[in-house]
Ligand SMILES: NC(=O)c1ccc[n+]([C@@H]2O[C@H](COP(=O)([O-])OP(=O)(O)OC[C@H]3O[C@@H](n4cnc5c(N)ncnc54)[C@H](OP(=O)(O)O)[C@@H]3O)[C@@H](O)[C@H]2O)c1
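Presented as structure tokens, the chain that follows is alone, the form predicted alone.
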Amino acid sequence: MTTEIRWGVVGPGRIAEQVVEDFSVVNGARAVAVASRSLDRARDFASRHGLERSYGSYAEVIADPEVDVLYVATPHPQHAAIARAAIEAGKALLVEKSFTATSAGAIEVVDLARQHGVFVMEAMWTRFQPAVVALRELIADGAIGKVRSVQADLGVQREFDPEDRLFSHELGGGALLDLGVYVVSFAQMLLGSPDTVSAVGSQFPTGVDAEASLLLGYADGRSAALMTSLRNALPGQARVFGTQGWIDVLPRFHHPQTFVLHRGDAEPETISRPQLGSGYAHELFEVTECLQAGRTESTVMPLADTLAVQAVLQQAAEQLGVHHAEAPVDL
């Protein structure tokens, strides 16, 4: 591994457009290549973002010896196949959330990464936001006592369009995999893996979930009440309840700048921690530092947590009558 970590982008879509801009504030890392199944699209992305190489297939960037780590931002059902090929080639990975379309797909990727000793991390940028880091530190220090419950919601209103990826079953559409992953991961981060998952919601005509309300239950009485939707907008706020106070994470909680600490009879304390760049820089820092240190896993976003979140998402989806599948990919 070189001192400078060289990145390749797989899938130059909307989210990749935003992520790649943040390399400008990440020391020791540089995006050098992009791959799309459309060479014209890859060339356009490379030209606009100053990348050195563009490829018209995923196999080419996976085989590029001057790429150390791949950022995978294709539709969810394609993640597993691309990740498997990259791991076999020894490429480190940052895989967009949701990590895969199914729990089985996630387990397969994680097992393969551990077998080959290759670094893999889910791109859950929330966990690396400075405000969330500060929140976790306060909770670990006992600022609100022991956490007993979490509430979180994240939703947007989208007009139904069967041609849009968000509403396509084949492309892993639906509220849970796109937005629900945030509320589930936030709750799992603070409460661990639940003992029970209960979900209610509705579907769009294409068979993907339009909205979902989840209740995560724990054997000791702790709980999480979570909402996600593509049918209607939601505030995007979170609240963490402890035995000695609570914390309000101001919208939008998945990349917050500010939270408010309430404890005892003290006045509420507003705490702000701005992000660098657009906020994606912090997960890029983590991957870069892990690779430079020779680690194969992040302690902030460990693979065990990714597997736990995928299991909850799948249970919730199946309760709503939605059954996702991994897709074969022509690399």
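Position 1 is the first residue in the sequence shown; the rest follow in order. Fair warning: this is a prediction, and the values are worked out from it, not measured in the lab.
Below, we turn to the form predicted together with this ligand, even though it does not appear here.
Participant: Which among 144 to 152, 194 to 202, 221 to 229, 73 to 81 is in contact with this ligand in the model of the complex, heavy atoms within 4.5 angstroms?
Facilitator: Partner-contacting stretch among the options: 73 to 81.
Participant: So, a 4.5 angstroms cut-off on heavy atom distances: do all three of F23, F253 and L276 pass it with respect to this ligand in the model of the complex?
Facilitator: Contact check failed for every one of F23, F253 and L276.
Participant: Can you pick the one in S298, T288, S36, T306 that has a heavy atom within 4.5 Å of this ligand in the model of the complex?
Facilitator: Contact with this ligand in the model of the complex is made by S36 alone.
Participant: So, in the model of the complex, is A131 in contact with this ligand at a 4.5 angstroms heavy atom limit?
Facilitator: It does not: once this ligand is placed as it appears in the model of the complex, A131 has no heavy atom within 4.5 Å of it.
Participant: Decide whether F186 counts as a contact residue for this ligand in the model of the complex under a heavy atom distance cut-off of 4.5 Å.
Facilitator: The answer is no: F186 has no heavy atom within 4.5 Å of this ligand.
Participant: Please run the contact check for L171 against this ligand in the model of the complex: heavy atoms, 4.5 angstroms, yes or no?
Facilitator: The answer is yes: L171 has a heavy atom within 4.5 Å of this ligand.
Participant: Would you classify Y182 as touching this ligand in the model of the complex, given a 4.5 Å non-hydrogen atom cut-off?
Facilitator: The answer is yes: Y182 has a heavy atom within 4.5 Å of this ligand.
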